[in-house]
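Only one chain is given next, in structure tokens, and it is the form predicted alone.
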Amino acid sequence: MRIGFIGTGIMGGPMAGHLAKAGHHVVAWNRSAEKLAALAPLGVEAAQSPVEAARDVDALISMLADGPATQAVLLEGGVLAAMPQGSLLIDQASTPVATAKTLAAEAAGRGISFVDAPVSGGQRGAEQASLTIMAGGSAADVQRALPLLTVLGRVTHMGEAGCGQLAKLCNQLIVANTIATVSEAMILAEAGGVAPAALRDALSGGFADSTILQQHGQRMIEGNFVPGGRCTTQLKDCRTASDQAEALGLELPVTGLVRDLYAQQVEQGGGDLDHAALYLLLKRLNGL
């Protein structure tokens, strides 16, 4: 298939590479040209603009930073208008549910199929093609997207358009809230004389074990906060989850507290660190 790919950053770059290695003709655009150049040895062709990447495609995948960027490029930027009738648009960025529904409606009006398919798994999951992919759209459209999505990871059809993004919000609030709890546990252990590494080993395999404890707990132990997923991105997703809950008439107090902690981390200059760096904020709040 001829695939357009927009957004080849930390996540999108490996994803575009996997599709090219699977035998697809991938034409990609990214705001930073050097990230595109790194994909050339894998057979990914560089487009000079998002619109160029969208022409004559069977499918186009978007992996941009957020909802406003997605709407600006796909709608105001003319990408959707440049796609052929009968093609397929797959948005894999994390955007508000309302954005997914708007894209679905605009695509349908142009005779284009649409699937929202946000991902979880971070940079490691993108590199290993082991992403968790939550797909929203009609059964027929999701089935049509599967040959591409299964190259990137494990796919679950969540429901109609927008349901993929709602599932991703649920994922993100679990991740954010668990990072906060693991951070507090590490700080409590160390302050009381228990080595954080020993705590992580002791909890492995028990009810308190998790991917967050294993991967981000290790980051906390090592002090390694090179970003796989940034604090700014986690804050964006926490805010989007809070807004969606409010729209549904719900109160999510734990998510609200963690959202505000991430806001402090970003305000204090730690936005570009990995989201596990919330640990650093909680240490500072305790004078450590």
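Computed from a predicted structure; not experimentally measured. All residue numbers are counted from 1 along the displayed sequence.
Heads up, the form predicted together with a further copy of the same chain isn't pictured, but that's what we're talking about next.
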### Candidate site 38, 148 and 152: all three near a further copy of the same chain in the model of the complex by heavy atom within 4.5 Å
no
## Note on the structure
Note: a further copy of the same chain not shown here; in the model of the complex, the stretch from 65 to 73, 49 to 57, 258 to 266, 30 to 38 having heavy atoms within 4.5 Å of it is 258 to 266
## Note on the structure
Interface check vs a further copy of the same chain in the model of the complex: of 126, 107, 83, 167, the one with a heavy atom inside 4.5 Å is 167
### Query
Tell me, which of 113, 181, 102, 138 has a heavy atom within 4.5 angstroms of a further copy of the same chain in the model of the complex?
181
### Message
Can you work out whether residue 144 and a further copy of the same chain are in contact in the model of the complex, taking contact to mean some heavy atom pair no more than 4.5 Å apart?
### Response
no
### Task
Examine residue 98 and determine whether its closest non-hydrogen atom to a further copy of the same chain in the model of the complex is within 4.5 angstroms.
no
### Query
Does a further copy of the same chain come within 4.5 Å of any heavy atom of residue 44 in the model of the complex?
no
### Query
Could you tell me if residue 1 has a non-hydrogen atom within 4.5 Å of a further copy of the same chain in the model of the complex?
no
### Task
For the heavy atom contacts within 4.5 Å of a further copy of the same chain in the model of the complex, list the residues of 109 to 140 involved, in sequence order.
132, 134
